[in-house]
Structure formats: structure tokens, C-alpha cells
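Consider the single chain below, provided in C-alpha cells and representing the form predicted on its own.
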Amino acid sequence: MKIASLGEDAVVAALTRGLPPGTNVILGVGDDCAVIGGARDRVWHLLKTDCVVEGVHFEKKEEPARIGWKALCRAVSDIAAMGGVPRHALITVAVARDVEMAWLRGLYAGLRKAARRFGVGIVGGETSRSPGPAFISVALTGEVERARCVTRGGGRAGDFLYVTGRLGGSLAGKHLDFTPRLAEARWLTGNFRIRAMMDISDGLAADLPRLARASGCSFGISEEKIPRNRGCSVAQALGDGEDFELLFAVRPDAAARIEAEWRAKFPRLPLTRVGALTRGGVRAEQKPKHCGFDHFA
């Protein structure tokens, strides 16, 4: 059986089934980060890996500093989605022997810029030769207070669904210049009870069903309400992916306050209610018709 016939979620489920969880694992496979710690610890540790591959996540012609920024910021975005703060990173780079040293220096300039912006220490890693495309992998640690840790699985039927920023247009270059919503996520978890949250990396059409499924719910959205970048269609906003905005669920009685206080705190960044979680499980025919990004589809 070819993995293209399964899709990314099914491949991951098959590979991770039965893996040894280890000790002190609060949350393992299936969320934006793994969460490690004791049930009564005040602070939990977050673990995340991510990678960018030439020809998949970036093109060879792109400015290397933008590639480095993206490589680290993808992982920072996942830490943000758990309500945490990033701490230390290990960087693995594999390139062909004929790559110019100037390209690697540029890549690390972007990594350093992102690290300084978000308080990350780059403490090691690995270099290797690649017989083909360049490959940059980031292993990132983080921390989150137990009381502020948010997973994909805490939503309840009736919760309102919100999206930060605007969606779509990543293929025009936005995917190399995005800003992880770290400050926004910390503000949200510090001031409200966010029931479920994740970052939108594969597109709202792919990621919303994941959050709903993890929460044991179905969902309903109003496609006309989805916030779009200028020039983007609804289909692009749902399916382009690599938006790295936050998708989260809150109780309906928190809606008025969260919307008002968000406007005061982040006046230049939209916050849009796009729908709600509903009873029942996610059905295949209920998913948005624009399916989002799948590595193996």
C-alpha cells in the first residue's frame, strides 16, 4: 500500500501506535507539542520538532535568511499554541557539498534573528551532507504553567471558534515572513480560559477537523466569515496552509469580553469568530471541501 493512498493523518497514526510513552508524559503524540512533567508540577516542559525541506517548504531561489526565520518560527508557533514560551533549540542542517558557505551564513542569520526575537537559545545541533534537497530540522523545548497549558482536546459542544489574523496567500511568500502568535497566545491563556487551541499550519480545512476530533466534537463554520488576506478566495483561505495563526475555542459567555479586550490589546490584528463546535463526531462529508495541505496526498 502506498502512503499516498492513506494521507498524512493515517500514516502518523499507524507509525505511532504502540510507541513506548516513557515516564512523566502528560501528553504525547497527537497535539502541537508533547507535554512532560508531573501531574502537580507548577510548570510543564514542552517538546517540539519541525523541519523545512527544499522543494516542499521553500524554493532554492529564496533568500536563506527568510528560510532560517521560517524554520525556527514554525516550531515557536507550536509552542505558542500550547500556551507556552520557547526555551532552547537544536538545529540540524543537511545540504549538498556544493552549497555556498554564504547560503549557510544567511540561513543562520535568519535563525539568529528569530531566536533573538522570541527568546530562544540555540544550543547545538548537527550538520550533514544531503545527496539532494537541503533539509533544516529544529528541535525546540519550551515551558508552560500547568494552569495555562492548552491542548486541542479541551473543546466542548457549543464553544465558539475564533481565528487570529487573516488566512490564505502563503504561496505568494507569506509563509516565509509570518510572525508566530506567541504574545497573543500568552495573553489569551493569561486572561481567559481557552478550552482548545492549535496553530493553523496545514490550512483551516485540515486543522479545524483535527481540533474538533480531538475534542470529541463536530463543528460548523460560516465560510463567508473566514478572514482572508487581500486578493485571496475562500478556497485559498481554507486550503493554502502555512498561515500560522491561532485557532481556538472558548465558552460562549466569554465571547463579548474576549472580543472587546482583544480589540484594545491588539488593535491591528483581527480576531474573527468563524463558527462553533457542535455535538457528534467529525464526518467525512462534513469537512470543508477545500481539504488543506497533506504531505502524502
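Note that the coordinates shown come from a computational prediction; the quantities given were computed from them, not determined experimentally. Numbers for residues come from their place in the sequence shown, where the first is 1.
Unshown form predicted in complex with another copy of the chain; subsequent notes refer to it.
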Worksheet item: Within 4.5 Å of another copy of the chain in the model of the complex, do we find a heavy atom from each of A147, V234 and A260?
Response: no
Worksheet, complete the sentence: Only one of 223 to 231, 183 to 191, 116 to 124, 168 to 176 has residues with a heavy atom within 4.5 Å of another copy of the chain in the model of the complex, and that stretch is 116 to 124
Worksheet item: Given that the partner is absent here, does A254 sit within 4.5 Å of another copy of the chain in the model of the complex, heavy atoms only?
Response: no
Worksheet entry | T278 within 4.5 Å of another copy of the chain in the model of the complex, heavy atoms | no
Worksheet item: Do T151 and another copy of the chain come within 4.5 Å of each other in the model of the complex, heavy atoms counted?
Response: no
Item to complete: May I ask you to state whether L269 is within 4.5 Å of another copy of the chain in the model of the complex, using heavy atom distances?
Response: no
Discussion item. Give me the residue from V85, A139, A157, A214 that has a heavy atom within 4.5 Å of another copy of the chain in the model of the complex.
Written reply: A139
Worksheet item: Which residues, if any, of 162 to 179 lie within 4.5 Å of another copy of the chain in the model of the complex when only heavy atoms count?
Response: none
